[in-house]
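Next up: a single chain in structure tokens, the form predicted alone.
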Amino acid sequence: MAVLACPLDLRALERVGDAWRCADGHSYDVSRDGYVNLLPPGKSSRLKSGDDVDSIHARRRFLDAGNYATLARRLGALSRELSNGTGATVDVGCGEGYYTSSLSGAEVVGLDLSRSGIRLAARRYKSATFAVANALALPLVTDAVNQLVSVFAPVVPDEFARVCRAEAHVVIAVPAARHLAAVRALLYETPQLHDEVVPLVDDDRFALAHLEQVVGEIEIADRDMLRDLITMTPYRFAVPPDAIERALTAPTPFTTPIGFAVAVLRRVSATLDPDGESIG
């Protein structure tokens, strides 16, 4: 079953040679790096471009060092268990594809608004399909996704509900309370705990099937690694530049706890209201 959809009409896209085409004749070329741009024509210039090149490359260096490997392994295990090798698995907000590469399904797709991230992902991970896309309007066929994954990425409830077929699973990872506590202590005078709020938990269209903590500790080896970590996270813009520079003078190496709240939710089958209209 096709999963990618035309951003103009949501008709299913089919790969034909070096392009993806829908039945209405709209066509989207595959770049020489192997990805496709599925932002609606004429609208992409009005959208934020996602993570910039500096952030994307900082993330790749940090993740390539194995710092979040425990999360990648756990997501991979959950994905294999939930998909059983069937159906489409889509990573929304996939960045440079690190977590996408651990996912399973008959078809694995990574979507992100950052062209820089998608370019890196498509160059390295050839077994998945990557597309530049807007999380607010997912270019996915309605009721076509078997498994939807979001790691530190935006979740739009109506779009997640639309694209997930009945009984599909959504896997969401958010920072646990003490994630990067030692780093936040360098950046803030009074650092706060993460709230661990998982999107969709209170949405009637989804039922929480499983919730767990993936925790550990990593070593920040040097100033370059600390700079990469700050650059790849919202701290880069949330913290004043002088506070970041002060943090970068901290003695290294040092250790910090890491932690992730990982939730598995199930798409609840639609029901009918008393007037016969579909609910959910």
Ligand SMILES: C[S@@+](CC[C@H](N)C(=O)[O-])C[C@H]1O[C@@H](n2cnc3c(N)ncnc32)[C@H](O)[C@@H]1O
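What you see is a predicted model; the values in this text were computed from it and never measured. Note that residue numbering follows the sequence shown and begins at 1.
The form predicted together with the named molecule is left out here; the points below concern that form.
Interface residue among Leu140, Val90, Ala121, Ala133, judged by heavy atoms within 4.5 Å of the named molecule in the predicted bound form: Ala133. This chain lacks the partner; the member of Ala72, Ala153, Ala176, Val198 within 4.5 angstroms of the named molecule in the predicted bound form by a non-hydrogen atom is Ala153.
Contact between Thr129 and the named molecule in the predicted bound form is not found at the 4.5 Å heavy atom cutoff. In the predicted bound form, the named molecule sits within 4.5 Å of a heavy atom of Leu113. Of the heavy atoms in Asp51, some are within 4.5 Å of the named molecule in the predicted bound form. Heavy atoms of Phe160 never reach within 4.5 Å of the named molecule in the predicted bound form, leaving it off the interface.
Contact with the named molecule, judged by heavy atoms within 4.5 Å in the predicted bound form, is confined among 188-196, 201-209, 90-98, 77-85 to 90-98.
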